[in-house]
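The chain below stands alone, shown as C-alpha cells; this is the form predicted alone.
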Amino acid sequence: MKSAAPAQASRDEAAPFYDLIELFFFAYRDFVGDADRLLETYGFGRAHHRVLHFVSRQPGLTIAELLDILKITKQSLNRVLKELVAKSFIEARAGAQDRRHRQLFTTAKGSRLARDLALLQTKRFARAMEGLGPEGRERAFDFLLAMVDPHERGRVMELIGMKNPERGA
C-alpha cells in the first residue's frame, strides 16, 4: 500500500501532526471496535477487556500490579473486577507469599474469552501488515514502542515478554 503522507521536509515543525493524530484515532477506534462487539454480548466494555487481557497474560498478577499497568484508580478497577469475578471470568486467590495480597487468575471461561478477543485483534493486525513487506511487523513494533514514554519502555518490554528490553529504546 502506497503512503499518502505528506513529505516530512516540507512540514512546518510547529504544526500539529493532524494526519497522524487522526489516523491513530481511527485505527484505534476500529482496532478496539472488533473486541467491543464481542464484549457487548457479555455485557462488558473496554475496561473489562483490559483487565481480562493482562490477568490472562500475567497469571498471579496482584491488584497493585494491575493498577500500575493500567494506570487507573482502585475504585475503577474494583467495579470491573467485581463483575469479572461474579461472572466467573476471573478468580482472586490469597497471595502465595503474603495472604493479604490477592492474586488474580483467569478461569477457563476467562481464558477462552481473552484468547477470542486477542485473535480478533490479531486478524486486524495481520490484515494491516499484509502489504507492509517482510519487515512490516518489526517496523510496526518499533513505532508502537517509540510511542511509549521512554521511562516505561523497559517495563513494557518485560510485560509483553520480550527478552531484550533495549530493543527500540
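One rule holds for the numbers: they count along the sequence shown, beginning at 1. Bear in mind the structure is a predicted one, so any value in this text is a computation, not a measurement.
Unshown form predicted together with a further copy of the same chain; subsequent notes refer to it.
In the predicted bound form, a further copy of the same chain sits within 4.5 Å of a heavy atom of F141. Residue contact check for H101: none of its heavy atoms lie within 4.5 Å of a further copy of the same chain in the predicted bound form. Although the partner is absent from this view, Y42 stays clear of a further copy of the same chain in the predicted bound form, with no non-hydrogen atom inside 4.5 angstroms. In the predicted bound form, a further copy of the same chain stays beyond 4.5 Å of every heavy atom belonging to K109. If you take 64-95 and check each residue for a heavy atom within 4.5 Å of a further copy of the same chain in the predicted bound form, you get I69, L70, K71, in sequence order.
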